[in-house]
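Encoded as structure tokens, the following chain is the form predicted on its own, with no partner shown.
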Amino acid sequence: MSYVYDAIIVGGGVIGGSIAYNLSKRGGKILLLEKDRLASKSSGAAAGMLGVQAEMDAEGSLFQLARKSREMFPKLAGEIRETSGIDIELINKGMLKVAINEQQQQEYKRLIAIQRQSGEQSDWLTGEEVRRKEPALTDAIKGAIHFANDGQVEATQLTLGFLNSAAACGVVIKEFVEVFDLQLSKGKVIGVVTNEGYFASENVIVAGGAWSNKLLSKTGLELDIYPVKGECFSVVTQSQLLTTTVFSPSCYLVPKKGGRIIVGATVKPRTFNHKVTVEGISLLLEQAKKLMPSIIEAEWERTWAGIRPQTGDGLPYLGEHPVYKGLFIATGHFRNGILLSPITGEIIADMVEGKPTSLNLKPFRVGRLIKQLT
């Protein structure tokens, strides 16, 4: 038995959730399929940083896209709370990108000038000013850039907020339904084959993160995308030791509600092995201690790992399949899936509806970097 939908989304993470939410606001019969539990992969493992300025080149196309996406969060937080009752825990207390040597100081001061030219707020703090702002940080920090506009959310809450809001607007969401194959006919997609049968649609969106190639390879397309494991741990403190997210080349510290601090993340490319290793957590702990020595007094909470989708040029794939009409792809966001989720959902929903966009999406087109197309 088949069921006909206006659009089918493959993937129940933050990207699939955002696409479902955006399409749900436009009407139509929408289906979202997730092979495991919702938010069970990288979306549920993310620290939730909205690090536009801390992580990206201010002169790149990704920076421009990320900046627009960051601007969407305040309104989005209100919409999701109103529609689903979920608080995505948006916090706008800025971010510190800390320098621990002279070379980093000089590099970061140059970065400030570039960011200011792009219209972003960036301020240099001396080591003393950093410690006045965050007394728990080490004396070894020489200074830091303060990005007042970078913030954070609770990643799992954001993902479930998108999905629950989509469901409230009529989207059919199915967990533990794996898409085995795409049905293609005369240069178009016409549906998907799953462990629960066949579902028909002339619009299918693949948002399967690092697992997207498994399905897309059946169309003769293999994207230049690969998995990157990131291990993290969290601790709990009696009093709030940290109020601002701290970003360094070796690790990051993200303060959450209830005295929690998330520390991440290792970078282990080309593996789907999500096991947490002693080596990875030990390395993170040593780096965290160098930034905030008093973290050793915190109570241990837990460890976890996520598999993030990286691409050859570091840019996500956003667009329609180069051969099959109606088959859309949204993957390769690496460690910026949370940040880029609002704009990605809007972009893909516009593409499905055939609406033009003022954004320059050429750098993200699907056909730019492919390993194979037959």
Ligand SMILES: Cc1cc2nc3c(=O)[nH]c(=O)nc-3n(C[C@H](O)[C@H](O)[C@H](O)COP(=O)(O)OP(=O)(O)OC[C@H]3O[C@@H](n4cnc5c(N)ncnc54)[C@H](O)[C@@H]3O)c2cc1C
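Note that the structure is predicted; figures quoted are calculated from it, not measured. One-based numbering along the sequence shown.
The protein also exists as the form predicted in complex with the named molecule; that form is not presented, and the subsequent description refers to it.
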property: In the predicted complex, the one of 130, 192, 265, 246 near the named molecule [non-hydrogen atom within 4.5 angstroms]; result: 265
property: The unique member of 177, 241, 172, 86 whose heavy atoms fall within 4.5 Å of the named molecule in the predicted complex; result: 177
property: Residue 69, heavy atom within 4.5 angstroms of the named molecule in the predicted complex; result: no
property: Partner contact for residue 53 in the predicted complex: the named molecule, 4.5 angstroms, heavy atom; result: no
property: Proximity of residue 307 to the named molecule in the predicted complex, heavy atoms at 4.5 Å; result: yes
property: The named molecule contact in the predicted complex: residue 226, any heavy atom under 4.5 Å; result: no
property: The named molecule in the predicted complex reached by all of 15, 209 and 336, non-hydrogen atom within 4.5 Å; result: yes
property: Stretch in contact, per heavy atom within 4.5 angstroms of the named molecule in the predicted complex, of 38-46, 22-30, 59-67, 311-319; result: 38-46
